[in-house]
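Starting off, we have a lone chain in the form predicted alone, written out as structure tokens.
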């Protein structure tokens, strides 16, 4: 298997065998249901479609009819999230549609890559968005200019703002991957995975956890 779908619960501190305290992120990984297969003959590549976090009867009322029809066709209940993971051809046949994959796929001590959507901060200036230093704060400078970006264009040549210039704008809600996080513990009875350090996103945000590629 190449990954599972989880939900960020929050952060806490655990003590290692050496007596030191380490920050960890708690990720809830309910059993992922195999929703479908992608095969080279039909789709040109091999992959498993996984579904996580069952919606229940109330949640199904908010799902789209095409999605509900697809679930009904496959004989499964509606879930909140569907993700696709590239795998080898023999792994596709090893997991039947409707079977489940649990958090026990991961082992204590291995490294994982965690992908999520970072927290959104709305419109932000260059101080917050790009960590710019700002103007000198003395009596000769008008107070409203301290946090301004300053001159961004050129004069006669080239007379324009260069592409990728750091400017104020929307900050956050970007897909980010944190690599090589150590699995601190696997609590199978509670469907919890503890990884060292922080991961992107807010609490209850959806995450994709994969074995480390590096």
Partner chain sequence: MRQNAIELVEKRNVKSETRAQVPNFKVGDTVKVHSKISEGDKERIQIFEGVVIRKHGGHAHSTFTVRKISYSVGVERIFPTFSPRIDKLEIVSSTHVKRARLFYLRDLQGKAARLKSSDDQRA
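The structure displayed is predicted, hence computed values, not measured ones. Positions refer to the first chain, counted from 1.
The same protein also exists as the form predicted in complex with the partner chain; that form is not shown, yet it is the one meant from here on.
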Q) Going by heavy atoms within 4.5 Å, which of 160-168, 36-44, 185-193, 62-70 lines up against the partner chain in the model of the complex? A) 185-193
Q.
So in the model of the complex, is the partner chain close enough to residue 197 to count as touching (4.5 Å, heavy atoms)?
A. no
Q) With the cut-off set at 4.5 Å between non-hydrogen atoms, does residue 205 touch the partner chain in the model of the complex? A) no
(Q) With a cut-off of 4.5 Å between heavy atoms, is residue 26 one of the residues that contacts the partner chain in the model of the complex? (A) yes
